[in-house]
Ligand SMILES: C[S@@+](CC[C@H](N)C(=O)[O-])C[C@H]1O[C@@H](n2cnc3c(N)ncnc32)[C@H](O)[C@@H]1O
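Shown below, as structure tokens, is a lone chain in the form predicted on its own; questions about how it binds or moves come after it.
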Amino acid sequence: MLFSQESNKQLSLINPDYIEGFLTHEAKWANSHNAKKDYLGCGMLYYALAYMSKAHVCVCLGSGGGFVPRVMRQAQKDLNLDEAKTILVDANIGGYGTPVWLSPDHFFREEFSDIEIIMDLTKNVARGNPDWKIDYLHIDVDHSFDGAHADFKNYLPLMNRPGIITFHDTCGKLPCAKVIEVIKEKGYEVVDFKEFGAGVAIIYLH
């Protein structure tokens, strides 16, 4: 059974049917976030961070299956935040994690139609939106060291303070994981959960 936007408000976040039917449904690569079917995995972390910070602006850089942005948006909906928005940025340039939701009738596009999708390079979006005030940013797009490091640097000036950044794929299998050490060396507070899924780090901005 799938759940509409109207009915999901009656369901618990940890209801297995709700998770499988709505949050992980057709969410390819959710397993890299330690989520699987009726288990939310790191999605619980993303939800909690958006919820506890009352994040009015959530931005997700890259999401091949739409898992992270839909969890971010669900937290905003549950809080009934006025004028809150979740934005997904993905250039669809192929390679690792090519989006599966490009078709307008994909489950993600239909059930989370209120998520704003920007199809462009992350550097272009950062440059074109200098007035953004992001409360919660998730980085998961360019898995090279240089690309991931550039995303961190380019979006840092757009972050609200206090602010939260989560950084995916920190387990060490991809070059982007090395960016976490650079961020630590710059003096930022980082908690890295390398063993969960493909790994996720939390960076807290004072």
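Just so it is clear, the model here is predicted, and its values are computed rather than measured. All residue numbers are counted from 1 along the displayed sequence.
Separately, the form predicted in complex with the named molecule exists; it is not shown, and the next lines address it.
Colleague: Using a 4.5 Å cut on heavy atoms, which of Ile134, Ala84, Ile87, Ala91 is close to the named molecule in the predicted complex?
Modeller: Selected option: Ala91.
Colleague: Spell it out for me: taking the named molecule in the predicted complex, does every residue among Trp29, Tyr96 and Asp142 have a heavy atom no farther than 4.5 Å from it?
Modeller: Yes.
Colleague: Any of the heavy atoms of Leu79 lying within 4.5 Å of the named molecule in the predicted complex?
Modeller: Contact with the named molecule, no.
Colleague: I'd like to know if His33 sits close to the named molecule in the predicted complex, meaning any non-hydrogen atom pair within 4.5 angstroms.
Modeller: Residue-level check for His33: yes, a contact with the named molecule.
Colleague: Taking 4.5 angstroms as the cut-off for heavy atoms, does Asp114 touch the named molecule in the predicted complex?
Modeller: Asp114: no, not in contact with the named molecule in the predicted complex.
Colleague: Within 4.5 Å, heavy atoms only: does Gly64 come near the named molecule in the predicted complex?
Modeller: Within the cut-off, so yes.
Colleague: Determine which one of 142-150, 177-185, 50-58, 35-43 lies within 4.5 Å of the named molecule in the predicted complex, judging by heavy atom distances; exactly one does.
Modeller: Only one stretch passes the 4.5 Å heavy-atom test: 142-150.
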